[in-house]
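The form predicted on its own is given below as one chain in structure tokens.
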């Protein structure tokens, strides 16, 4: 059971989580928890301030968050347990003070120190949740995730080492589970196999931790408890009449996560796929509401389309050269540039003399353009959006592409990609047209289809 930051944002939320865990004691749960909401951002801001030499002000800025933890402990724990947790917070404060001072003096590599600082949020939330569960009469104990998830030493976005992680996870957690205990781990944090130093797994790392731990323990299922009712057919900020998708395949979920459905991190899928463990996305604020289960495979829906995802803030890089004509090695040269600058590419389309690529991360765009310009002519288009139609069997169902593009026939489509995956049809439009395109497509594939089905039922 993994709980995100908004699921542990205050005392009431911690109480809800405790109630949810107590309902699942017969299933022998393992709990993974994120930092309390807003804490990781505050830690990152404090670290940035410390690197500018403002370590004392940085530490003071965190006091309000230390107090949030202590206040929850006072409200939900006995006086003795609250005092014990207060000592834990004080130890974290001293540890942070040392790390921020080091960051100010840059006495050690900054990425290493940053991981040490931001890990504090998960360490505190997991220790607090374990104490809250014990206060409810559950046999819970804090387990340090850094002893379970073992990674390389790429600080900030470390890659877990599968065999080491599985071995360490089983060695630490299985004895606790066999004794009827409930281990509580902080998500997102890990440790380097080479140095033992704290590492972090990057954005969505708590979901990743849950996937890794669930796979290592051969869990019956992995539950991701968040603040939305499962995976939705579109972004509810754009489309009003969205609904929860009851069942997704791993391929569909990965595509949706990658192209904008942020309820599930793409990396979460990988360890679950390997071990065939279902992933259930639930709403911690409304546990009885519909949820989504992600399986290894899923049946096609009558409409074929399961969801419409979109991602704004995208740039398109067009690379054109007559050298491509009949030549080999040109594509390799292009992708070596992106590899050198550690920049991921979303969509790729090619013609005889040009390649077009979409980028979400443009932090290294300047050097990328400079390198690409040595081998070809380069043109960049910004303020673009990716729209992704997702569903098993999409490619094998006649007429889907025609229906998609006739629905948005007056919106200029700048790039189209279909074929690399059997479960998505992806295209690029100007960012200002993205919301309208998503609304029209959702109406065409979900709202109109539902109305047609109801009319057929009424006719019979």
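Residue numbers count along the first chain shown, from 1. The model shown is predicted, which means the values in this text are computed figures rather than measured ones.
The protein also exists as the form predicted together with aspartic acid; that form is not presented, and the subsequent description refers to it.
With aspartic acid omitted here, the record of contacts in the model of the complex names 32-40 of 32-40, 427-435, 58-66, 396-404, defined by a heavy atom within 4.5 Å.
204 is the sole member of 204, 313, 181, 111 with a non-hydrogen atom lying within 4.5 angstroms of aspartic acid in the model of the complex.
Looking at residue 122, you'd find a heavy atom of it within 4.5 angstroms of aspartic acid in the model of the complex.
In this stretch, 170-198, the one residue having a heavy atom within 4.5 Å of aspartic acid in the model of the complex is 188; the partner itself is omitted from this view.
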